[in-house]
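Shown here is one chain on its own, the form predicted on its own, set out as structure tokens.
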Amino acid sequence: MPQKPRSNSSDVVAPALAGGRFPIPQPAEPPRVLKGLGVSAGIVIGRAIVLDSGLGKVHRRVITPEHVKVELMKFDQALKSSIEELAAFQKQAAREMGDETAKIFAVHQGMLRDKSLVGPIRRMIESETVTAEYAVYHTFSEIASKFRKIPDSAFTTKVNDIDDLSIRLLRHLIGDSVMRVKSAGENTVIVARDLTPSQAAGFDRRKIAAFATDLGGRTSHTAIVARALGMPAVVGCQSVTEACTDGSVVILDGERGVVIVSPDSEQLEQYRGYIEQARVYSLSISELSHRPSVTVDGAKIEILGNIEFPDEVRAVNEVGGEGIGLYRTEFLYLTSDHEPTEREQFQAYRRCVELLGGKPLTIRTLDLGADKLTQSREEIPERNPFLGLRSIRYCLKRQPMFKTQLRAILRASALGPVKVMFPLVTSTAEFRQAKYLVNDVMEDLEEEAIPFDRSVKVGMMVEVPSAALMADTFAQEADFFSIGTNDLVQYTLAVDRTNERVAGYYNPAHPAVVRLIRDTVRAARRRSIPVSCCGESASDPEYALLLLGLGLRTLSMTSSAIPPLKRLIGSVSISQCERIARKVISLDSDVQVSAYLRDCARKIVPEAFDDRSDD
């Protein structure tokens, strides 16, 4: 069931220019409307910066005639920088290896000055109005291909020279793209083939207002970072990099999953109206922030926050969150150029505890791997990283790293209420080994007279079918459960949650997923251990009705989702939710479940659904 994020004052960005108006020239081409996956709520009207993602395949991207001169200047500067770089290498090689060896760099300089080689690149930029990056990539690829077809080794050895020059030029051109992001103006929309979580986390929020990508899924960790930052985002657009050029006016709707390139005046006025509607709705629910989260029949529902960075605790506190149900600690690694030390990790955890002021903090141990650890870091990349060495498996294979994190967490437990949670547990052997390491670290801290909470609670994520099916057994070992719907859906339905091609199959409303959640909650209740849901589905008002009906009384979510969910909780009774859950369990189709839950939610909180299409 697609989630429908709600707008709030932190993620709706009005046009940056005076009066909330862009002086839009009449577009040379008609507007292009691209459909993707809305993964972070909010509407932005801004101007695009288009990034090439790396030095592999460069995709064809057309530019406007007005930008041809800019691309030619970029190419000329990259050519100049490359020649200067090669000249420096030639001097260094001559000193260290002799003039004969250094000649190779002189040859490369000569090739870059050869009009028969670089001339076609300039002509392609001018005649086909494409980016300099694509013109370089295409032209050099064509030349290399021709050389490869000639059997004479004198020609085939030239392929390496061509490839080296292509990479050198592209590095300077794409490096220029990185500098453009740093020098971006306010209300910029980043458009890219794909983005990593660390790239998204590194954007300057004072300038970068939103992003759109060709690739990506609804629960990818880049999407999670966008929600954490309150940055509107649409992923899985497939061709947004081809549709945009630098400076294009773009409307990005993170709720509907729509990107409009070169919008006309009617579309601009329409979306300015949506921005105002969202602002009014945000004001109407802000008063709910610090009201108790109680159903109409008196059931207390605990609402916690999900965070990636310590300072996000402030946002959770501001909207009335009762603690942190999920601290994704892997972002300490993903946003750093080195493995965080024990001291660095302890400082982050201490910061969270201090900001919470006595509220509970659940720290999930490193969930590295799959889309959260680039395979380029591995000596031998895994063929299928989602089924490979990730999460708790990764930590158990790298015990020194794991124990460093456990030491930092346990030290923080001396400062306030902290829980430890292990991700992606699939067997009791894994959980027992991880608990053994916790006890081992405790003994070390005791010997060193370092304070910690000896009674710290140790729990686990339930996010694979094996854990859900064995929930009764795990409930005898764990102090608490937290159901992670993101991965539970992925592994139950065999759907890569970061793959836009199969996004339609990723649905937490699938009857198989619903039954696994029901059975997990029942097992936790039988063994009298707490159980919560911290997956992205917990923030969806429609799905939250089902979760409450299945017996969950603790939900954890992004801070921006807390006020709307409080409104829902204050408008419904547990008996209503239980009737909804019984009906859902009787259905055998995810389409039926999604439609039924959407209908129920609309009747309970109709004001939470705007008049835009939900297709």
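Numbering starts at 1 and runs along the sequence shown. Bear in mind that the values here come from a model prediction, so they are computed numbers and not experimental data.
There is another form of this protein, the form predicted together with ligand PEP, and it is not shown here; the text below is about that form.
- Query: So which of Ile224, Leu356, Ile529, Ile275 gets a non-hydrogen atom within 4.5 Å of ligand PEP in the predicted bound form?
  - Reply: Only one option qualifies, and that one is Ile224.
- Query: Since exactly one of Arg256, Arg328, His138, Arg122 fits, which has a heavy atom within 4.5 Å of ligand PEP in the predicted bound form?
  - Reply: Exactly one listed residue reaches within 4.5 Å, namely Arg328.
- Any of the heavy atoms of Cys534 lying within 4.5 Å of ligand PEP in the predicted bound form? Flag for Cys534 set to yes.
- Query: Taking the shortest heavy atom distance, is Asp246 within 4.5 Å of ligand PEP in the predicted bound form?
  - Reply: Outside the cut-off, so no.
- Task: Answer with yes or no whether Asn486 is in contact with ligand PEP in the predicted bound form, where contact means some heavy atom within 4.5 Å.
- Result: Yes, Asn486 sits close enough to ligand PEP in the predicted bound form that at least one of its heavy atoms falls within 4.5 Å.
- Leu410: heavy atom within 4.5 Å of ligand PEP in the predicted bound form? Contact with ligand PEP, no.
- Item | Interface segment, criterion being heavy atoms within 4.5 Å of ligand PEP in the predicted bound form, picked from 142-150, 393-401, 216-224, 159-167 | The contacting stretch here is 216-224.
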